[in-house]
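Taking the form predicted alone, here's one chain by itself in structure tokens.
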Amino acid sequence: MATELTGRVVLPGDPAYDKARENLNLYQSKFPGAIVFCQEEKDVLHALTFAREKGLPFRVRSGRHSYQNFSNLDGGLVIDISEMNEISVSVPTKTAKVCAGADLGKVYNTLWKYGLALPGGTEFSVGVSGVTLGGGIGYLSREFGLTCDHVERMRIVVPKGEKGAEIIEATKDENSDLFWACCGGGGGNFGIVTSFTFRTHPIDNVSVFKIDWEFDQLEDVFETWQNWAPFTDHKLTSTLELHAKSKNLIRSEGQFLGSKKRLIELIKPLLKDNKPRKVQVGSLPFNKAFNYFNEPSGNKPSFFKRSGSFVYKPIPERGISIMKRFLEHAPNEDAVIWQQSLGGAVSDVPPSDTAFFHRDAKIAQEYNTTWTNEEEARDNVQWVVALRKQMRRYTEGDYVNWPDETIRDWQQAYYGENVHRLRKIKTEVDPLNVFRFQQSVPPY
């Protein structure tokens, strides 16, 4: 008997179709043949089985933030788990079971009710699944580590036989290779995670800062920040935004798990020789802090191109000059080079202990540009591609959660030496390559 789709199914022509098919990135939009919004775990099982029985190409989607729209496709089936977003918290064990469709805003707000926090990304509309499966960096990383470092258990729908599917559990002791692969090996590669059980941390008030400088201070500010941010107190994680010259803005923001008084002391190196035009320092409850780092309405769908890399050694003067030159000739004022400090608890874990390889990097660096209509796409995409190419001599690899189709050696860029073990696990779990997209881990 043929398997039927269950859950909320949206087809082309339905009133809800245009909204249902839309991902965050409007560039190279896709038009799937059907979208199934799974309501419970059995819907995911049915959807995967249905796709296999029908021989349909499919993608798995949660937060819709795939930079290259890998979670969408033309003509096939999108298995969307965003409506599976329940969260239950165990205060005695400080653990939370999070259904894989929840976004970070819901995770953070729910945990805050119990005085708990999970290290995760910064933007609250991002899905917890994509963040976790790719690693997960944010403003708690240097003190607590990556999101994937806090996973205790996953429930995963995986292929079974020629056309079937089954639900399995993965921990460090049970299906341990698959568990390892899902901690930094990227989403959509091995199966469909339906829930995570996370360890969490007690949290209370935090202190935050925001410092703005003029564009012409870029070289001095960057040099100071890169030699300070990855090495200061582990309880302080910060970012640096280098905006297009036309915007005339260099901005550093950060969050400190401690007092405002201590934070003021810690940021003094940023202020000593670089006179800022604006400095803000404050103390507030953690749930207000993650609102502080977000736009009130969250990310809105737009045309964009993003790519990235990791910085292992300080970028020399020539590399900083390259970034400045690109920002002087940016395609629009929304172009930005963004950095986040790593080190601390991120680098306390060896690169081979999880699939997330770039443990020893000091900085994660992202190249971003946004535009308003299709005619501007070419110049914007070329700007990002050329910038990344020019910076390659000073950087290594890329973050799998910032995928870029123009990277030829993407397996090595995302996974480093871990790619061989990932391919071996892929061969064991998904030998028929059921889960595949433009940059999916291939079996041997």
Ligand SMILES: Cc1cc2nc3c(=O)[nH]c(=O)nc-3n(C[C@H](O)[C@H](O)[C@H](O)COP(=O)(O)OP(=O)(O)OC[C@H]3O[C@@H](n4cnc5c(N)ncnc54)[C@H](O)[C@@H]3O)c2cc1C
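Computed from a predicted structure; not experimentally measured. One rule holds for the numbers: they count along the sequence shown, beginning at 1.
In what follows, reference is made to the form predicted in complex with the named molecule, a form of this protein that is not presented.
The chain is drawn here without the named molecule; in the predicted bound form, the stretch among 395 to 403, 375 to 383, 48 to 56, 413 to 421 whose residues come within 4.5 Å of it by any heavy atom is 395 to 403. Interface residue among T200, Q339, S207, S71, judged by heavy atoms within 4.5 Å of the named molecule in the predicted bound form: S71. Residue-level contacts in the predicted bound form: of L140, I192, V107, C183, one residue has a heavy atom within 4.5 Å of the named molecule, and it is I192. Q365 falls outside the set of residues with a heavy atom inside 4.5 Å of the named molecule in the predicted bound form. Taking the partner from elsewhere, G188 is found to have a heavy atom lying within 4.5 Å of the named molecule in the predicted bound form. Shown alone here, G254 lies farther than 4.5 Å from the named molecule in the predicted bound form, counting heavy atoms only. Contact check for G130: a heavy atom falls within 4.5 Å of the named molecule in the predicted bound form. Residues V60, R61, S62, G63, R64, H65, S66 are the members of 42 to 66 with a non-hydrogen atom no more than 4.5 angstroms from the named molecule in the predicted bound form.
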